[in-house]
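First, one chain by itself in structure tokens, the form predicted alone.
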Amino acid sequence: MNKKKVFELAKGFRGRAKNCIRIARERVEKALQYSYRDRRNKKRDMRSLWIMRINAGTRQYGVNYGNFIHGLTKENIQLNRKVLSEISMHEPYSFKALVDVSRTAFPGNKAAVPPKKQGLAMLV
């Protein structure tokens, strides 16, 4: 890379990393390595976030994530994890319908168990 390009990419760096060519070149190369790596890690992190959201939504209805996904694939419902996580957060009734479809498709999905009452709620 030429000097002008390095200094453009080093804009905003601290200390001599923004105005000394040797240090700026090293810092820019390392920054580009980080950005390359983290573009892949971002995809991984988002997928795990979606899975956590789906799992939290399905456990409210007594089904775990793996059985829910297995039931959807058996019913040939092809919604990706991003869409399923959005539905679980913003459309609870639609998500409950998907959980019910998954439950009927896969016998491993047991019927929903009502939550146990705790504390003073037991007396009522």
Partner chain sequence: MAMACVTSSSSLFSTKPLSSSLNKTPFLGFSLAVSSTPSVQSNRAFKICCQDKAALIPSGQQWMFDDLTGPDVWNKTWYPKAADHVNTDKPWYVVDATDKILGRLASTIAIHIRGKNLATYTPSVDMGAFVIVVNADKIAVSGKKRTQKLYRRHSGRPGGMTVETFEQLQKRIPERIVEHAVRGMLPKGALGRALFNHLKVYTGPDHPHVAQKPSELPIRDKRITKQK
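Numbering follows the first chain given and starts at 1. The structure presented is a predicted model; accordingly, all values stated were derived computationally and were not measured.
Another form, the form predicted together with the partner chain, is not on view; read the next lines as being about it.
inquiry  = With the partner left out here, check for me: in the predicted complex, does some heavy atom of residue 50 sit within 4.5 Å of the partner chain?
reply    = Result yes; residue 50 sits at the interface with the partner chain in the predicted complex.
task = Tell me, yes or no, whether residue 66 is in contact with the partner chain in the predicted complex, where a contact means a heavy atom of each within 4.5 Å.
result = Outside the cut-off, so no.
ask   = Any of the heavy atoms of residue 44 lying within 4.5 Å of the partner chain in the predicted complex?
value = No.
query = Using 4.5 Å between non-hydrogen atoms, is residue 30 touching the partner chain in the predicted complex?
reply = Residue-level check for residue 30: no, no contact with the partner chain.
ask   = Of the residues 86, 26, 38, 75, which one places a heavy atom within 4.5 Å of the partner chain in the predicted complex?
value = Only one option qualifies, and that one is 86.
task = Heavy atoms within 4.5 Å of the partner chain in the predicted complex is the criterion; list the residues of 90-108 that meet it.
result = The stretch touches the partner through 90 alone.
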